[in-house]
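Given as structure tokens, the chain that follows is alone and in the form predicted on its own.
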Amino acid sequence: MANLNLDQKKIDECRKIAHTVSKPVEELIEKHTSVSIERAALRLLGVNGAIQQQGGQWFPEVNLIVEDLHKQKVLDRGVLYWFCNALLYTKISPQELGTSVAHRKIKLTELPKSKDEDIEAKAKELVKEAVEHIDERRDYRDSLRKKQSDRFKSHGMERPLLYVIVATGNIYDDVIQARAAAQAGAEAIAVIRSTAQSLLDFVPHGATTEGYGGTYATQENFRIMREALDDEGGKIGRYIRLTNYCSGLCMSEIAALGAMERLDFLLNDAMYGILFRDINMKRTLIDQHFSRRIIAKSKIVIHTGEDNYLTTADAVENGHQVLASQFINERFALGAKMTPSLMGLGHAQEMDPEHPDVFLLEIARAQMTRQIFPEHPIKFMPPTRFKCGDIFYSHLMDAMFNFVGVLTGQSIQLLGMATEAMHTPLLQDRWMSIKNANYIFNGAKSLGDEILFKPKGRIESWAQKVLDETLAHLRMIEKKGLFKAIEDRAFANVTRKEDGGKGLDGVIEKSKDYLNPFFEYL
């Protein structure tokens, strides 16, 4: 594939600054836990029941357990300290204990205390079993990929992965649409999450049929869709990858559920939650680290949300914000033990289609991203900002987007829909988009190997300009610190405060006796 002549020293400096920017945040992460991390630890041990409350709402047992300890101001030792002490005393299973505690039949802090070393040994025993279960689920998923044929890899594919969404609000209707999409050629299915679920500080329970703008992310919904795609993949002889959302106030828990239910991709990005959902930056960055430790163990590919920046900031002028965020996100992922092959960094084709030479500029940014992150499974998002009711023009925009994707060797291509600006895509819309992509991906699959970029031409010069602006932007962030830079609108023209947003009350400073062996075993 042809390459742009980019200044490698500047790329290296960007990575160095991103590392410096991440250090104070990593120190914060090291000293703190959150209610979501503690709930995720219980879920990984098998505590996944719920209690039906007045009005019919099912509320997770893990929330009731962790909330009680948090109110008593003893969560700084970690939920596993209190829970494993109770297991030693009661000699029942984690799920039985979880149900008893949630029903207030047992109060964790009132039980006789075992020796700290015995509690730690019990915790390590259970955590080791939980991590082995993650390994088993991962290995079974990977065996299905081999059995059913899966051509995905982080880079170097003949053409991008065909990636589409379903979003009915009803998991059973989602299954019908997902099967139809797979039959039409889709290779990955994203189940769009119900609007604003990221702001819920609990994970809904069971199968759901009434989501708004999407379907609730629950363990049972994950299981139902994974089972359906496995069945469909077996019929058509092609593995179908499953995506869901792992951001928001329950980021750590959804990562745990995704690992247990064999998901392939998770949208996992604290910056998205900070900027677009006003989730407290301390809370979500702490949660993100633990979620990514789980994800790394399960070898799930994350998708980051930088593509969203260009829906609120001008895409022509602010491409450097996307690249700067990608460098920082890469650094945080490395800090959570993730390899580049698991980092699906996000970018998008969102420039004004009426801008002069816009197609050249989009090629420049896509090629630049592919080159700077050569081992990463880059996620390329379709045009949405300038979509309108003209479905023919929208379909043409999507075709040009597909052309850029195959030309520059993108990995994961979320297909645009002709009716993007009108309604949630129907089966026929998705079929049209897949047919569009297949035609272009097949017809131009080798084009990137056949052309060269003009030295110092418009494409190369634009990419270098974005890189220069990115370096300047990262230097500014380094000087201010990440939190202050976010407050000063460093990304997406959105401002957030360090102690503002939702979820800060769920952040807990760890005591010196904090117990959570998952950090060791993951």
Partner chain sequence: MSQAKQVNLKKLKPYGDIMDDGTVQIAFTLPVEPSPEAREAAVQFAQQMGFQNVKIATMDKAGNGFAFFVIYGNTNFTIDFTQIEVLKVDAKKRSRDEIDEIIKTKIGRKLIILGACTGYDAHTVGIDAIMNMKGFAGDYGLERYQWLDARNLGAQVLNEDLLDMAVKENADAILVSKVVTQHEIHIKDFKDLIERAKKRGLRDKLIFVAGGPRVTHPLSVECGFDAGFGVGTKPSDVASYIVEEFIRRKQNQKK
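In this text the structure is predicted, and so the values were computed from the model without any measurement. Positions refer to the first chain, counted from 1.
Another form, the form predicted in complex with its partner chain, is not on view; read the next lines as being about it.
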Open item on the list: Heavy atoms within 4.5 Å of its partner chain in the predicted bound form: which stretch in 164-172, 400-408, 97-105, 338-346 meets that?
Closed with: 164-172
Task: Proximity to its partner chain in the predicted bound form, single hit among 121, 207, 180, 444 (heavy atom within 4.5 Å) - done: 180
- [ ] Heavy atom within 4.5 Å of its partner chain in the predicted bound form: which of 314, 125, 116, 76 fits that? Just give me the one.
- [x] 314
Open item on the list: Although the partner isn't part of this model, could you tell me whether residue 211 comes within 4.5 Å of its partner chain in the predicted bound form, counting any heavy atom of the residue?
Closed with: yes
Open item on the list: Test of understanding: in the predicted bound form, would residue 202 fall inside 4.5 Å of its partner chain by heavy atoms?
Closed with: no
Open item on the list: Can you work out whether residue 277 and its partner chain are in contact in the predicted bound form, taking contact to mean some heavy atom pair no more than 4.5 Å apart?
Closed with: yes
- [ ] Indicate whether its partner chain has at least one heavy atom within 4.5 Å of a heavy atom of residue 452 in the predicted bound form.
- [x] no
